[in-house]
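One chain follows as structure tokens, the form predicted alone.
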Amino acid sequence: MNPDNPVIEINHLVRKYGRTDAVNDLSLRVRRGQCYGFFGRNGAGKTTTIKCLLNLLRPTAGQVHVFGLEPARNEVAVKERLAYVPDTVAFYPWMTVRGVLEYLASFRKRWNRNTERDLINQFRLDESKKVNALSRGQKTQLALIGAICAEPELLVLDEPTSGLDPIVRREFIETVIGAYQEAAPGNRTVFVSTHLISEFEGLIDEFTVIENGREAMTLGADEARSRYKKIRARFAGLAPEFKPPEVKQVRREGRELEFIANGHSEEILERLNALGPEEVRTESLTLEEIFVAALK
């Protein structure tokens, strides 16, 4: 595969359920080596999009390519190069943790036993325990081990940490996903759908926000932080009315004025300073704050 070609390419994807458009004219491109965030509220169309990528659902219209291939026509060729962890995981209930891992490994050309051992120890999983006795979080941990040990070119994660406690979530994101990409810089790609955006803050390279099945925003993470600014101003008297077109979420309270600037920060600050504030403070937004601002 040409390294310049996208790992995932979606063009004008539509997926209907009856008369409802779960995904409506969605397009995005994920470059090799990226950690790509796919953000949206519950019901926005994230899981439906992922299922179209994996040929678990057929698109109503539009095109989907993974590694330059159509999943519906090249399902085996696509799936042998990726690993998928869904939002709700399920295993054969009679299998043990060890049995599940051996079963998953049997389908893979590659399986890193050192990584397997390290993650079992890190997650403190009992290999002899049957999966029907595992908690939801432990089942998620087991699925994540199965995905990482296969060393896929593409890791597709749909709310991968929602069943994990906060300490394990942070440890997994920082050490496991980070290490997965760092082991083959520029060659391993992560596509993650999550509502826990703040926990992926340091890993995301680019992201798409989806709302009602449509793209609401696509930006590089650094570009987004540069573009969206939270600006606070304090005045000697009552704060004046202030709402240029590029300003969102204005809060005016007594002497304080606070708002979010969507680009054009220098021009906005120039207009704001003309009103004579005592103090002006500017700070970049987190990706989670940008997500919220984009949908308001």
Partner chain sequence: MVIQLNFKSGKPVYLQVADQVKAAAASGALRPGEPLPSIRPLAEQLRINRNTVAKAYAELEGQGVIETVAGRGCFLKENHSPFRKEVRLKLLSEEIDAAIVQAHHLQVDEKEFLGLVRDRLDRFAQRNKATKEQL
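Numbering follows the first chain given and starts at 1. Computed from a prediction, not measured in an experiment: that's the story for all the values here.
The same protein also exists as the form predicted together with its partner chain; that form is not shown, yet it is the one meant from here on.
Could you check which residue among E182, D126, D165, E102 gets a heavy atom within 4.5 Å of its partner chain in the predicted bound form?
When its partner chain is considered in the predicted bound form, the option within 4.5 Å is E182.
Ok, E159, E153, E174, E215: which has a heavy atom sitting within 4.5 Å of its partner chain in the predicted bound form?
It is E174 that has a heavy atom within 4.5 Å of the partner.
Test of understanding: in the predicted bound form, would R41 fall inside 4.5 Å of its partner chain by heavy atoms?
R41 lies outside the contact set for its partner chain.
Could you confirm whether P93 comes within 4.5 Å of its partner chain in the predicted bound form, counting heavy atoms only?
No, P93 is distant from the partner.
Can you work out whether E266 and its partner chain are in contact in the predicted bound form, taking contact to mean some heavy atom pair no more than 4.5 Å apart?
Yes, E266 sits close enough to its partner chain in the predicted bound form that at least one of its heavy atoms falls within 4.5 Å.
Determine whether any heavy atom of N132 comes within 4.5 Å of a heavy atom of its partner chain in the predicted bound form, and answer yes or no.
No.
Would you confirm whether the three residues C35, K229 and E270 all fall within 4.5 Å of its partner chain in the predicted bound form, going by non-hydrogen atoms?
Yes, each of C35, K229 and E270 comes within 4.5 Å of its partner chain in the predicted bound form.
Hey, of 103-111, 137-145, 218-226, 79-87, which bit sits against its partner chain in the predicted bound form at 4.5 Å between non-hydrogen atoms?
Every other range fails; the passing one is 218-226.
Within 4.5 Å of its partner chain in the predicted bound form, which residues of 274-289 have a heavy atom? Give them in sequence order, or say none.
Heavy-atom contacts to its partner chain in the predicted bound form: P277, E278, V280, E283, S284, L285, T286, E289.
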